[in-house]
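Presented as structure tokens, the chain that follows is alone, the form predicted alone.
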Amino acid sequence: MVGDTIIRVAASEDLDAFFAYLNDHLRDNGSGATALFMPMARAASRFGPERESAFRNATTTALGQPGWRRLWLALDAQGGIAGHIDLRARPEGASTHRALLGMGVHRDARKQGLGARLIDVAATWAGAEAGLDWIDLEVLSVNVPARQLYARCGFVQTGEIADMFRIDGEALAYTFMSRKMHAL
């Protein structure tokens, strides 16, 4: 599946399909053998209309402006979404040289190298086109597969907050990781 996958920038007409994919993806949050990957209760793992609206607005916000976001989709041979990655503005005003990363890979495309390909596409854009110096991410510490992927892709752990979340009766830590894009 992954060998035939193309990765491209998402267009506004892709967003309805993206939100359907994302809500399906979120059904895997902490289910079965899949690690909890979003800081939300398993039963409440969905992307609601308010978040969809904010996401849509962010994708049309100019780079460098507060609240900007850029999204790439990995499309399989049939045009279905196999994964996604997005970069967005940090909320702190003096951090315009940094971006926050979010990503996910469809259950049928995991452990095939797609996550690393998505990170490479976003990192290339961040360094070459956006002129960003850093990409940051936040990941639940229990999500060992994601943390290992990020480390293989050049991210370094910069911190961890123990007991950051209480989800479904579990105390969960949050790991912070960053990747430098340019020599300072």
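The first residue of the sequence shown is number 1, and the count goes up from there. Just so you know, these numbers come straight off a predicted model, no measurement behind them.
Beyond what is shown, the protein has a form predicted in complex with a small molecule; the following relates to that form.
A.B. asks: Of the options Gln157, Ser45, Thr34, Thr61, which one has a non-hydrogen atom that comes within 4.5 Å of the small molecule in the predicted complex?
C.D. replies: Flagged contact: Thr34.
A.B. asks: Which one of Pro49, Pro145, Gly67, Gly131 is close to the small molecule in the predicted complex, taking close to mean a heavy atom within 4.5 Å?
C.D. replies: Of the listed residues, the single hit is Pro145.
A.B. asks: Give a yes or no for Gly113: in the predicted complex, does one of its heavy atoms lie within 4.5 Å of a heavy atom belonging to the small molecule?
C.D. replies: The answer is yes: Gly113 has a heavy atom within 4.5 Å of the small molecule.
A.B. asks: Is it the case that Leu75, even though its partner is missing from this view, gets within 4.5 Å of the small molecule in the predicted complex, heavy atoms only?
C.D. replies: Judged by the heavy-atom cut-off of 4.5 Å, Leu75 is well away from the small molecule in the predicted complex.
A.B. asks: Any chance Met103 has a heavy atom within 4.5 Å of the small molecule in the predicted complex?
C.D. replies: Yes.
A.B. asks: I'd like to check something about Asp120: if you look in the predicted complex, is any of its heavy atoms closer than or equal to 4.5 Å to a heavy atom of the small molecule?
C.D. replies: So Asp120 does not count as contacting the small molecule.
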